[in-house]
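One chain comes next, on its own, written out as structure tokens in the form predicted alone.
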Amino acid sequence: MSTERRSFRREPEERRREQLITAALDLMAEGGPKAATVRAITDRAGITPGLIRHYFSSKDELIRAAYRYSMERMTAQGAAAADAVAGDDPLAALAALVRSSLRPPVMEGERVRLWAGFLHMVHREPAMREIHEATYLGFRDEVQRRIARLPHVTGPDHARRLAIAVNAVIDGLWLEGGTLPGCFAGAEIEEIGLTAVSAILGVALPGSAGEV
């Protein structure tokens, strides 16, 4: 009985934390880091400013949580698309991961603006740098885990090096496609990504220019 009551109380608190995080992200996407004041965040989340310390020890902690949330959510969305591929085809799973990383909701102008707003903090604050490293490795590990399933990959170090290169291609296309969507026609970014990743891996991913 007591365990059930504790779980019931924690759930609303987690929702409140997420509301504060998403409010901070929305404000930063709209007006940059300076727009995410404590007053604006709490107004957007619908709580009083005094309650913010019940969920976060400081505004800096909230901003760090928002950065981690934003980056981990993109990784989770890409991984979910790959995991949803029917069957046990590693090429299809990789293609799904590339595609989902280069289309909405992962590749959007708002996501790029958020990333750019956080980037100067990453270089200035050790705690933000640690989050950046952890979330970069989180996505790269998702890529590496799927690359390791390819029959011609010789081991973990080989898979890691390929994953670094694939991640770099995805990052570059994500940045340009999210910043200048009008410069690319239809699914052009996805197709370029699939073709480039295919060349790196020495395979033909479904949807790439080299697919037979």
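Quick caveat, the model's predicted, so the values are computed rather than measured. Under this definition, the rigid core comprises the largest set of C-alpha atoms superposing within 1.5 Å between the forms. Residue positions are given as counts along the sequence shown, with the first one as 1.
Heads up, the form predicted in complex with a further copy of the same chain isn't pictured, but that's what we're talking about next.
State yes only if every one of 160, 165 and 209 has a non-hydrogen atom within 4.5 Å of a further copy of the same chain in the predicted bound form; otherwise state no. Checked in the predicted bound form: all three residues contact a further copy of the same chain.
Looking at 36, 45, 52, 169, which is the one with a non-hydrogen atom within 4.5 Å of a further copy of the same chain in the predicted bound form? Only one listed residue qualifies here, and that residue is 169.
Is residue 88 one of the residues lying within 4.5 Å of a further copy of the same chain in the predicted bound form, judged by heavy atom distances? Residue 88: no, not in contact with a further copy of the same chain in the predicted bound form.
Report whether the minimum heavy atom distance between residue 143 and a further copy of the same chain in the predicted bound form is within 4.5 Å. Contact with a further copy of the same chain, no.
Should residue 173 be counted as a contact of a further copy of the same chain in the predicted bound form, where contact means heavy atoms within 4.5 Å? Yes, residue 173 is a contact residue.
Quick check on residue 103: any heavy atom within 4.5 Å of a further copy of the same chain in the predicted bound form? No - in the predicted bound form, heavy atoms of residue 103 and a further copy of the same chain never come within 4.5 Å of each other.
Going through 103-119, which residues have a heavy atom within 4.5 Å of a further copy of the same chain in the predicted bound form? Please give them in sequence order. If the 4.5 Å heavy-atom criterion is applied to a further copy of the same chain in the predicted bound form, 103-119 yields 112, 113, 114, 115, 116, 119.
Using the rigid core as the reference frame, would you say residue 59 shifts its C-alpha by 2 Å or more between the shown form and the other one? Yes; residue 59 is a residue whose C-alpha shifts (by 2 Å or more) between the shown form and the other one when the cores are overlaid.
Under a superposition restricted to the rigid core, does residue 141 display a Cα displacement of 2 angstroms or more between the shown form and the other one? No, shifts by less than 2 Å.
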